[in-house]
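Okay, here we've got a single chain as structure tokens, the form predicted alone, with questions on binding and movement later.
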């Protein structure tokens, strides 16, 4: 059985993470535009900067926190390491190093995607074009996922790709929920109004979960139900629980089928997270503090990434 080089494994892991990250950021920007239309853009866009710890970096480059500046910062700013352009550029660089392993179709699609991003200009960032632009980015990322599914050889590299994808997806789901849960909590008078319901509908759509949620909750919608669905539903592919369960199974295959015993420490940590998620309820989480719970999960996912780097790549893997 041929052993995958550690540098290739790390590139595959981060290729998946960066593409997943680009898609999720496009989802966040798209849904945030919906909420910002009726309010002060500078206030409504701040949570994205705060959650990504980007306020200081943003203010170094832009004087005002306007919607236009935030969109430029997060979509096409090559100097911002958390922008969509930077994520796709990093994914492309990892793909370039993986040319001996990935399919021609994978390389061609990501290369075309990156060059189309480079061709975009200020007009494409105009707020009336944002939905179309975000749709293009999401569809390009989804095309990458589909091509990878259909053409990537199922060896060790496939497992590292999937682990990276699910780790990033779990982390991004917590960030999406954290951004919106507190900013969307309405006044008591607004609960149940059309505006309130519309906002939570949009949050679910940003996570591609609206129709799935309606299958579980055909009548009514509450903040707790939405948060519980995104965290703990065991059938929704973007829920944190499903992502962690998938990671657990993938890591188990890596450590057993390919005899990568260093992964046992990572597997134990992921197993602990999975057990904790399975034992939690949304009511207990909200009682103890949803933001604190989500923040704790993000710290755990960062620790898992570092453990994966130490176990399989010979170094920390923090992106």
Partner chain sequence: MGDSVIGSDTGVGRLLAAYDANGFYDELFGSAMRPAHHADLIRQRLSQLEFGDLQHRAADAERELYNLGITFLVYSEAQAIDRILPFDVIPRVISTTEWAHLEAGVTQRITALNLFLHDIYHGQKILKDGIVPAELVLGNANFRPQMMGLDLPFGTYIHIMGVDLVRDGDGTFRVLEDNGRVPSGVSYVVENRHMMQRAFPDLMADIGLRPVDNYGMKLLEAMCEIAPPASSPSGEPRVVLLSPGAYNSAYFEHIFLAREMGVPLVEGRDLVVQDDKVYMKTTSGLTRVDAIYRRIGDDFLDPRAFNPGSMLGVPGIFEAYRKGNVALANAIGTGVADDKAVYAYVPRMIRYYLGEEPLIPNVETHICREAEALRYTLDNLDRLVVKPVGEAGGYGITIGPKASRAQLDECRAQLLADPANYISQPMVPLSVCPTLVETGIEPRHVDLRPFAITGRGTWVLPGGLSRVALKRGTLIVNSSQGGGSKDTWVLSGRCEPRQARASSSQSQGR
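Numbering follows the first chain given and starts at 1. Remember, predicted model here, so these are calculated numbers, not experimental data.
Keep in mind that the form predicted together with its partner chain is missing from the display, and what follows is about it.
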note = Picking from 148, 156, 206, 239, the single residue whose non-hydrogen atoms come within 4.5 angstroms of its partner chain in the predicted bound form is 156
Residue among 142, 222, 111, 131 with a heavy atom within 4.5 Å of its partner chain in the predicted bound form = 111
ask   = Which one, 228 to 236, 210 to 218, 123 to 131, 94 to 102, holds residues whose non-hydrogen atoms are within 4.5 Å of its partner chain in the predicted bound form?
value = 94 to 102
message = If we define contact as a non-hydrogen atom of the residue within 4.5 angstroms of the partner, is residue 9 a contact of its partner chain in the predicted bound form?
response = yes
query = Is residue 107 close enough to touch its partner chain in the predicted bound form, meaning at least one heavy atom pair within 4.5 Å?
reply = yes
message = I'd like to know if residue 311 sits close to its partner chain in the predicted bound form, meaning any non-hydrogen atom pair within 4.5 angstroms.
response = yes
Distance check, residue 160 to its partner chain in the predicted bound form, heavy atom within 4.5 Å = yes
request  = Using heavy atoms only and a 4.5 Å cut-off, decide whether all three of 29, 137 and 284 touch its partner chain in the predicted bound form.
outcome  = no
